[in-house]
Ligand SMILES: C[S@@+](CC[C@H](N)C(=O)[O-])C[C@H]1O[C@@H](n2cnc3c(N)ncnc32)[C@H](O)[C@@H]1O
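This document opens with one chain alone, in structure tokens, the form predicted on its own.
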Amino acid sequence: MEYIALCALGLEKVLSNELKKMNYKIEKANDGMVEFLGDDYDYYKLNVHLRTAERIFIKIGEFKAETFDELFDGILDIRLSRFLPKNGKIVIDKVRTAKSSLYNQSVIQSVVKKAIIEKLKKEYNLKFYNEEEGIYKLRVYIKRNKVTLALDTTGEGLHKRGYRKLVSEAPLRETIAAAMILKAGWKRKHVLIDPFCGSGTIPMEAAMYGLNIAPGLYRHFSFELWYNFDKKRLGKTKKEAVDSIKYTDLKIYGFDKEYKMVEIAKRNAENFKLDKYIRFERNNMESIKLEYDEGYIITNPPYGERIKDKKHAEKIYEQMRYLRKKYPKFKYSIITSHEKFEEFFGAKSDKKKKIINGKQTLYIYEYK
């Protein structure tokens, strides 16, 4: 079976590395998509285990189309009964087009759904198609006139782990926080400090990674509404994930100058019973006193769009030079939307990675 894993644009390599560690061979990785081959029910473990993916799709079909007739006929050429039942509710969830003759999204949605219904009626020998059981959300991607029809196995995005009941004003997406940790190369034996922890996303993603807690362990997925959903299979997948948790001591610290944020972070950590593995404290960056010679500082400092004061954010970046003086042998991974962060931090990064998350452009600055 062909799969597509979505991620933030720019994190394809990080996600590909995750998949390779799960023994998948990558077919293609670009434009926020990683394509690979897997077995029929691999979407159970993919949704439970992947840290940096946003969604897992089954690729149903791919073909060329420059007209709506070709779009309709292309759908008719796909064997849909392998993926869709004879009475499921069909939802064309989203349409994305780029550099293609077809671009009217509402018309594309209408044509694709009509073609799917017609093909299912033919394959199941039905006079009428009744949308009664289960919900099947599909997406249509058209790029350079190549149409890809994909079935969403995930539902609500995989960044929704379930632990973050309370958030800060501009929280970092969990999948991006996980990508920062994986990309930085942090391991559980090292100390990790987040001096601007906010609602605690980076420390909690680090704790989950350090303890080998599967990020999708405590949430639901859209495939649970399908006619062929196997409750025992999902139960076994999650039990194996629980059995692989490695409870161990971790040196993870989250600091924030706002008392409210520290309390929110603590309560969020309690939701996944991570509070005993992370030490959250109210503290200004300059007041942090930890005696470690080396480790990792991974953080999401305030930036202009968030606090509506770009000058203030830049002042904070300048003050962050204190961290480099106090922890000169630490590795740093800092994410911000500021393109000139290095100027204020006073050092050129070893690596700078641009990522696009929805309408937001972010940069990960790494100092080795």
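Just count from 1 along the sequence shown to find any residue number. Please read all numbers here as calculations on a predicted model, not as lab measurements.
Omitted here: the form predicted in complex with the named molecule. The next part is about that form.
Taking the named molecule in the predicted bound form as the reference, which of Arg233, Lys121, Lys257, Arg219 has a non-hydrogen atom within 4.5 Å?
-> Residue within 4.5 Å of the partner: Lys257.
State the residue from Asn228, Thr248, Asn130, Asn284 whose non-hydrogen atoms include one within 4.5 Å of the named molecule in the predicted bound form.
-> It is Asn284 that has a heavy atom within 4.5 Å of the partner.
Check whether Ser199 has any heavy atom within 4.5 Å of a heavy atom of the named molecule in the predicted bound form, and answer yes or no.
-> Result yes; Ser199 sits at the interface with the named molecule in the predicted bound form.
In the predicted bound form, does Leu182 have a heavy atom within 4.5 Å of the named molecule?
-> No, Leu182 sits far enough from the named molecule in the predicted bound form that none of its heavy atoms falls within 4.5 Å.
Could you tell me if Leu172 has a non-hydrogen atom within 4.5 Å of the named molecule in the predicted bound form?
-> Although the named molecule is absent here, Leu172 would touch it in the predicted bound form, with heavy atoms inside 4.5 Å.
The named molecule contact in the predicted bound form: Arg164, any heavy atom under 4.5 Å | Looking in the predicted bound form, residue contacts with the named molecule include Arg164, since a heavy atom lies within 4.5 Å.
Candidate site Asn47, Pro215 and Ala241: all three near the named molecule in the predicted bound form by heavy atom within 4.5 Å = No: no residue has a heavy atom within 4.5 Å of the partner.
Stretch from 182-190, 108-116, 200-208, 77-85 whose residues place a heavy atom within 4.5 Å of the named molecule in the predicted bound form | Correct option: 200-208.
What are the residues of 214-230, in order along the chain, with a heavy atom within 4.5 Å of the named molecule in the predicted bound form?
-> Counting only heavy atoms within 4.5 Å of the named molecule in the predicted bound form, no residue of 214-230 makes contact.
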